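The chain below stands alone and is given as structure tokens, in the form predicted alone.
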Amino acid sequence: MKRVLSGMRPTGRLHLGHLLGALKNWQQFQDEYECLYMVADWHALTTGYADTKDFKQNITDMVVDWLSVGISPEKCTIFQQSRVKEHAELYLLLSIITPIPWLERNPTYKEQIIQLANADLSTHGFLGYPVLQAADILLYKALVVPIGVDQLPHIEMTREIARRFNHFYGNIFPEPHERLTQTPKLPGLDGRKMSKSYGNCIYLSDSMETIAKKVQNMFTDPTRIHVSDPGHPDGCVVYAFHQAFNPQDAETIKTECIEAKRGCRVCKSGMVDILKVVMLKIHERQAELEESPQMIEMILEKGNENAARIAAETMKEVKEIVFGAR
């Protein structure tokens, strides 16, 4: 069975963009592959190293959100990156053989420096985080890595690092392949990418009252002043949500909007009703899990043990071929 490796940085509660962009795929993959899902806390440190007071709670909250949408510890391995020491060990070895120009040309590196202008990212750890990502993937010899299209350069760099290692020392690491999400990016309330840093998210942990208020404040067509004015749904956040959560009715809604037969208020009200159905089971499961924090610790402990077993086997091979260790 092919092995899948994916992860998320514990930076707070997850939102609907995570649900559609990653977690739905994770849920499907766990029935088809051997899956390892990683709490990427080392990665979180590369940008959030100056303030770690919320790390522990963020980890718990994120795993609660994973479980609440159907990620099952009975079907996959859920583990914490920093608890498996081999991640740091392989990262160090791969960083020794990775040329600096490979890292400097990484488009995500350049984008995040602009987006996170208030953070000091002139660090070795931030420049080298694609190498850590490569170590994460190669450590488990994962063949399938589910990503968004913006992560494609990282997977290509992982393949390049694997080829370089195999060229120097011997053929240990298989080259991983991306599995692109089929869901387009869900916009935030203001029309930009849904992102915690923009403050434009609907969180999986938001109450339905909060969700209803956020939907009512969604960006719509600014040129549509009256209900009788023809709309332009392709630039409307509410319509994008209907495409994502109500695809069977999306074309009808689009036509009615263009022909001024449906107003924005009706569209928003309908989306609130749809999200009530989507969120019902998620909220019920979150409530159960939040009453049993020890369950999260047990799930991570079991997952850490399984991940460490696989990682130790890989590092044994690596050390034998690089250092001649036995």
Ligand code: TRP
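Numbering starts at 1 and runs along the sequence shown. Every value quoted in this text rests on a predicted model; they were computed, and no experiment measured them.
Although not depicted, the form predicted in complex with ligand TRP is the subject of the following passage.
The partner is not drawn, yet in the predicted complex one stretch among 167-175, 194-202, 89-97, 146-154 has residues with heavy atoms inside 4.5 Å of ligand TRP: 146-154.
Contact here is defined as any heavy atom lying within 4.5 Å of ligand TRP in the predicted complex, and by that definition not a single one of 85, 139 and 318 is a contact residue.
The closest non-hydrogen atom of residue 241 lies beyond 4.5 Å of ligand TRP in the predicted complex. At the 4.5 Å threshold, heavy atoms of residue 35 stay clear of ligand TRP in the predicted complex, well away from it. In the predicted complex, residue 24 stays away from ligand TRP, with no heavy atom inside 4.5 Å. Among heavy atoms of residue 13, none comes within 4.5 Å of ligand TRP in the predicted complex. With contact defined as any non-hydrogen atom lying within 4.5 angstroms of ligand TRP in the predicted complex, the stretch 200-224 contains no contacting residue.
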